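Just one chain is shown here, as structure tokens, and it is the form predicted on its own.
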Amino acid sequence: MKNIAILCSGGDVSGMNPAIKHFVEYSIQKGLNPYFVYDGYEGLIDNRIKKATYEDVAGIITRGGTKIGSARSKRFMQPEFRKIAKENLDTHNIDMLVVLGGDGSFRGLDAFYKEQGIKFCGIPSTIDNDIHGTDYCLGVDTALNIIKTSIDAIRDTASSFKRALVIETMGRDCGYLALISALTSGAELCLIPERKYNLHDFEENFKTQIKNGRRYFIAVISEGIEQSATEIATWFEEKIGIEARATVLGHVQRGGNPSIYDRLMAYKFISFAIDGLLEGHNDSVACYTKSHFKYKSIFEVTGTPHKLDKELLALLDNMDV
């Protein structure tokens, strides 16, 4: 039986534990021995590698974060430590690696493969949703739901006190979380790194809205813009003439009970990654892309019975009974 390992690298996201659970179960179904690497690439260097069992993943599907820990490793950037990591994997006869992480984690994987020949599949796992080539990264849906709940709660106090509430989301230089949250919460202002802005351009419109009866404003901004949430709140008070407060959501966005969608995507990503490794895709990243909207004739819609997604049915067939 071949041995395969999984590790988490970089920031944790909700969805990692469901992925770890399915990794163990699906590996065993495919005739593989699953191993955990604890604390990311740091654990790979320090040989914190352990064979995994069903018992290790019992009950973790509901938990945020990652049971096996994560880390950012400066040592893994250096060839001598990647060599040590390879020797540790060889000790356990592991030649396949699944990595849950982001862009930096994948760059490290690329160097690891080119130097040491370890076959791998990366699974995009970052709430920033900033990985090129995939429309969706693990953990994003849970993060969006946490932001949604926060904004809905903040709206209550904003409307009660005639205030402008400025909510800052995470995302580094990617405005995805702020943009989607602003659109789906009915925010009056959204500022993201991808779009240049001048606050002066909003002043006349916002003052007119107040004259016409608006009692409060919701502004959603990304952490990657030039101004802080506090500075935007000050602008509301000084230029728009409405009391304002700033809320930085911070790391609360990375935790929490994984959403149904993130649990499902975790299963799909893991199945795709392991299948790919077994089929000879030795240095890949599992990407997910959606098709665009399209028009279909009424006959095509009503004349063809709906069938469940074959991929979903395959997941069902692979469940232990």
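Keep in mind the model is a prediction, meaning the values are calculated, not measured. So that there is no doubt, residue numbering starts at 1 and follows the sequence shown.
In what follows, reference is made to the form predicted together with 6-O-phosphono-beta-D-fructofuranose (F6P), a form of this protein that is not presented.
Could you tell me which of 202-210, 125-133, 231-239, 144-152 sits within 4.5 Å of 6-O-phosphono-beta-D-fructofuranose (F6P) in the model of the complex, going by non-hydrogen atoms? Heavy atoms within 4.5 Å of 6-O-phosphono-beta-D-fructofuranose (F6P) in the model of the complex occur in 125-133.
If you check 75, 195, 214, 72 against 6-O-phosphono-beta-D-fructofuranose (F6P) in the model of the complex, which one has a heavy atom within 4.5 Å? Only one option qualifies, and that one is 72.
Contacting member of 48, 63, 254, 263, with respect to 6-O-phosphono-beta-D-fructofuranose (F6P) in the model of the complex [4.5 Å, heavy atom]: None of the other options qualify; the answer is 254.
6-O-phosphono-beta-D-fructofuranose (F6P) contact at residue 164 in the model of the complex, heavy atom, 4.5 Å: No.
I'd like to know if residue 171 sits close to 6-O-phosphono-beta-D-fructofuranose (F6P) in the model of the complex, meaning any non-hydrogen atom pair within 4.5 angstroms. Contact check for residue 171: yes, within 4.5 Å of 6-O-phosphono-beta-D-fructofuranose (F6P) in the model of the complex.
Should residue 223 be counted as a contact of 6-O-phosphono-beta-D-fructofuranose (F6P) in the model of the complex, where contact means heavy atoms within 4.5 Å? Within the cut-off, so yes.
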